[in-house]
Ligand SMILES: Cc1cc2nc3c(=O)[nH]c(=O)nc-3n(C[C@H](O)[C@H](O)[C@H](O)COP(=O)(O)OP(=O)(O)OC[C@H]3O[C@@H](n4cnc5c(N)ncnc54)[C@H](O)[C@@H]3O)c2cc1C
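Single chain ahead, by itself, as structure tokens, in the form predicted on its own.
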Amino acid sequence: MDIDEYRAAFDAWLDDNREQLAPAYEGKGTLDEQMAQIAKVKRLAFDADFGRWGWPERVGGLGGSTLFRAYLQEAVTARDLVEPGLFSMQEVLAPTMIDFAAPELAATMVARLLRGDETWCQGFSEPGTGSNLGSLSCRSVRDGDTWRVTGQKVWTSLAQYAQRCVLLTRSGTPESAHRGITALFLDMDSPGITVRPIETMHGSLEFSEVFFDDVVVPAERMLGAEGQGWSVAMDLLPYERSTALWQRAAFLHSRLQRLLEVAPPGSLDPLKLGEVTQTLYAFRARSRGTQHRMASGAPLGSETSIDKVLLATAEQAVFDLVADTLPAEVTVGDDVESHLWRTEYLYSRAASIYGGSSEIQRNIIARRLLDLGSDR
């Protein structure tokens, strides 16, 4: 199947199963409702084989171009079937699991994530080490054929729903902060794990603090070799800024189109609209190029930091325009659509922080792409 055939077949399937796929709630829904909806869409798409295309056969996929995955995410977002940031987590975690996990572990686990049978979380950020992973301190100590983990993570998306966690730990004390890090894949129901959700300003409990108190992890759950955690992180982060961001681009496009539909006559400033549209399309063009580089087999790396900076700029520009055009809806409106605009506007404030802050991304661009200084 080529990508054009996939698009046509998937669009027809979405049309034929519109009622079954539709959310059971109005507007944004609660986080519990969003998670149940995501699991439903993943399960139905996987069982119909659309959710398997673009993933390797060795983990339950059907092979083929990664563009299949990009289009699936774009299509379900454009039809408002899922909350895009939550749905895209599989694009962040599954590729690195495939690259670094033992083959039998990847074969067992990845299909569960793709089908929506499980949720995974990413244990990277810590209270004092947000975007600076080189200074993390959550510690793992080798104990025979197990690791013992003690420490804390924060801003861990969906930790309270997750069955598994891709976790970065400090396993040594080397001269370089980027060494002595080991990545583990642990079960979230292991004894010693405490999850405390954090309420954000847009009223969601999407993030959590996670505490690890002498948590035992089997040694075969290492991702990569001991001390290879930095390589795991550098493999994972570009995925966070590739297909996941393409889905975000589709979301922003749909919200801008909706704004054009509901804006009162004369309320849109043509100059601002032109600037926002240009910013959004620049981001989409960049993200499209990243999808095609990944589909060609080219490795993703530091250049995806450009995608992340463009996303943050575009997302905040779109919702700044929403606030200028629909000020009452964003501030005091109490109907379903006003609530949707307000929560999305508030969430857009985090666009320059989530997935790596804009300041850190610009440092990466300067040092690794423009050779303006050393990371060390």
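Throughout, we count residues from 1 along the sequence that is shown. Keep in mind that what you see is a predicted model, and the values were worked out from it rather than measured.
FYI, the form predicted in complex with the ligand isn't displayed, but the following is about it.
Wondering, does residue 157 line up within 4.5 Å of the ligand in the model of the complex on heavy atoms? Taking the distances in the model of the complex, the answer for residue 157 is yes, it comes within 4.5 Å of the ligand.
Considering only heavy atoms, tell me if residue 152 and the ligand come within 4.5 Å of each other in the model of the complex. Taking the distances in the model of the complex, the answer for residue 152 is no, it never comes within 4.5 Å of the ligand.
Hey, in the model of the complex, is residue 122 touching the ligand, heavy atoms inside 4.5 Å? Contact check for residue 122: yes, within 4.5 Å of the ligand in the model of the complex.
Counting only non-hydrogen atoms and a 4.5 angstroms cut-off, does residue 353 reach the ligand in the model of the complex? Output for residue 353 is yes: heavy atoms within 4.5 Å of the ligand.
Of 41 to 49, 312 to 320, 59 to 67, 344 to 352, which is the one stretch near the ligand in the model of the complex, taking non-hydrogen atoms within 4.5 angstroms as near? One stretch meets the cut-off, namely 344 to 352.
Among 207, 211, 161, 230, which has any heavy atom within 4.5 Å of the ligand in the model of the complex? By the 4.5 Å criterion, the partner-contacting residue is 207.
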